[in-house]
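Read the single chain below, which is given as structure tokens and is the form predicted on its own.
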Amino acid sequence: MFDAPTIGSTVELQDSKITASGVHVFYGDTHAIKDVNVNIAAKTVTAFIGPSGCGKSTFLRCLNRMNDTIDTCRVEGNIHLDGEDIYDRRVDPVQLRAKVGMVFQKPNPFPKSIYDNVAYGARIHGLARNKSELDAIVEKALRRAALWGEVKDRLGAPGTGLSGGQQQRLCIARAVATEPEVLLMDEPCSALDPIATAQVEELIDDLRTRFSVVIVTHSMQQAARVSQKTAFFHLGHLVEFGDTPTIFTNPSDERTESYITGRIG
């Protein structure tokens, strides 16, 4: 069990969708994340940036308990979603991941039809009472992922037959079909060409009107384009967190400035 939360004021908690306090992550004897404290706002894109191996993806996976799948991983501290401790033993990780969806670095559609890829989560969580409701969920999710117009006449075709950019948007559609409150994205454009990247970035900007979006990106230019808040990680520490324009133009920590100007990376 995690300790009781020790963060901020009631106002702070109310303004935050996710609140993390004193978070440490260990892989066996390796101390990967060290005392991270951050408040992630609702309906905002928050970018995690930093050098490879700095802990940004490890911390992202804490937010929907994906690290539970790694035997050697241990998480300490407090992470709350709308004030609820997501590591409480009474919280079902499967239900949590319906609220906190995730899109991975490499597009990973299931070996199923386009329709069944999107319908998968809705079926598991019993979100549709009949076929017409399921059809509506699939269409809504594909529209949100800006993919409906491209696939509406071939929903029975394999999802793996789509282009790389389309596959990633299909994975986004699959993630939003369960109506999550938070969408985590772990370098979602790193395997995509510039045109597909631009499409996904435009989509992220649209999604933030409905969800809290947290994106890990190796591209500082992408973070500057899509996010309103940016967190800079270095050697397992959250060095600096704030409004994106401020982080990129007037950082308060010299390590942040060194990373942004290319002196470390």
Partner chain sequence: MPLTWLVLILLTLVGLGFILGRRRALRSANGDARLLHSRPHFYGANVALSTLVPSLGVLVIWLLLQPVLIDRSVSHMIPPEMVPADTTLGLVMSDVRRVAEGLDVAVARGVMSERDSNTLRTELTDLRARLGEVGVALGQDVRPEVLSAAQSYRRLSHAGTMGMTLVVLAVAIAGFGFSLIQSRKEFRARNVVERGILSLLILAASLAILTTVGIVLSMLFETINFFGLHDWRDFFFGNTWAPNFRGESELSILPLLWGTIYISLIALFVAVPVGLFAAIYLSEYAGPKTRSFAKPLLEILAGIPTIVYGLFALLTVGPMLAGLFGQGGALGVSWMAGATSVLTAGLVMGIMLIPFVSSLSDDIINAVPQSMRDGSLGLGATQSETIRQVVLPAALPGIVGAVLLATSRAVGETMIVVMGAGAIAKFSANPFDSMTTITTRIVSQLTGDGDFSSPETLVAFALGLSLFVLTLGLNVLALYIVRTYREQYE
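Small disclaimer: the values here were computed from a predicted structure and weren't measured. Residue numbers count along the first chain shown, from 1.
The next section is about a form of this same protein that is not shown, the form predicted together with its partner chain.
Taking the partner from the other structure, its partner chain in the predicted complex has no heavy atom within 4.5 Å of any heavy atom of residue 30. In the predicted complex, its partner chain sits within 4.5 Å of a heavy atom belonging to residue 175. Although the partner is absent from this view, residue 52 stays clear of its partner chain in the predicted complex, with no non-hydrogen atom inside 4.5 angstroms.
Its partner chain in the predicted complex is approached by residue 100, whose closest heavy atom lies within 4.5 angstroms of it. Comment: 60-68 is the region of 60-68, 223-231, 236-244, 33-41 lying near its partner chain in the predicted complex, near meaning a non-hydrogen atom within 4.5 Å. Note on contacts: among 143, 112, 74, 152, the single residue with a heavy atom within 4.5 Å of its partner chain in the predicted complex is 112. Residues are counted as partner-facing when one of their heavy atoms sits within 4.5 Å of its partner chain in the predicted complex; in 104-134 these are 104, 108, 109, 110, 111, 112, 120, 124, 125, in sequence order.
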